[in-house]
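Read the single chain below, which is given as structure tokens and is the form predicted on its own.
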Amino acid sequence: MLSNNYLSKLDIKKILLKNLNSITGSQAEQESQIMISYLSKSENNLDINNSEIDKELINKILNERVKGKPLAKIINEKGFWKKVFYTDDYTLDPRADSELLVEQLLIDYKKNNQKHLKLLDLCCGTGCLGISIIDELDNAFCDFIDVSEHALTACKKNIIKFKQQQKTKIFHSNLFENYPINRLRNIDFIVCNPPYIPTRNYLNLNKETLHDPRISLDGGKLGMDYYVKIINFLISLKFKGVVYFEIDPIITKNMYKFLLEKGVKIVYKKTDYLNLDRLIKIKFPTI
């Protein structure tokens, strides 16, 4: 750990890497930079003066990190898309995999000349998906839904942090239970990263992932519970918009089977940087 003696920034980084290598492997370099930048309150650690680094606080963070707690859960922030979002013990930490939803949706809609796009971020958590999208679409407004009041508190913090209050509205609801139907009928597209880990797999997740709330991960016996509820409801509503779902290879087979049975059109699917199924865009039958 860091001593109170004078240490250069290079010395501090070496000590951090030595401690982090055993638990984070290839991520040690990145995490050491994040820690130094966070503690000096600087976004660019090249500009950091050694005197700006709080060694006492960095020791506390390092102690928790070595015990296995994810860095984002310790410092309550995580980078996603082009911003750093607030996150906490009640939210799923933003993940790079989910950036594919933002990227693809922007490809689809930046070419759209529609003046007012209405987006719904369902199971929003930190709000990283919806906020990232409307930040780049001047003509878009986003509703955020989550069953967790704690998660919505985090979402609100991010909305305020990025000054998106005029383009957003928050709803505390178990999926669509407390969300106005007339409002839903006017939504152009839904983006959703629901819990999709089958319960049997959830019980075997690594220690770090288990720091995320179970409600944001456990998707029931087959990992399909939330998809089934969402899709069945939207079919019954004759929803005319499109849905961008984050998915996982572990549920792909069951997902395709269910969509085929329901007559739901798969507009396209996309894989992530590891060539794993990660995104599916769907439309609903019109009859």
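When you see a residue number, it is the position in the sequence shown, counting from 1. Since the model is a prediction, treat every value here as computed from it, not as a measurement.
What follows is about the form predicted together with a small molecule, which we do not show.
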Heavy atoms within 4.5 Å of the small molecule in the predicted bound form: does residue 147 have any? yes
Looking in the predicted bound form, any heavy atom of residue 105 within 4.5 Å of the small molecule? no
Give a yes/no on whether residue 178 approaches the small molecule to within 4.5 Å in the predicted bound form, heavy atoms considered. no
Closest heavy atom of residue 158 to the small molecule in the predicted bound form, within 4.5 Å or not? no
Per-stretch contact check against the small molecule in the predicted bound form, the hit in 68-76, 181-189, 203-211, 166-174 (non-hydrogen atom, 4.5 angstroms): 166-174
Please identify the residue among 239, 226, 38, 258 with any heavy atom within 4.5 Å of the small molecule in the predicted bound form. 226
In the predicted bound form, the residue from 100, 84, 117, 92 with a non-hydrogen atom within 4.5 Å of the small molecule is 92
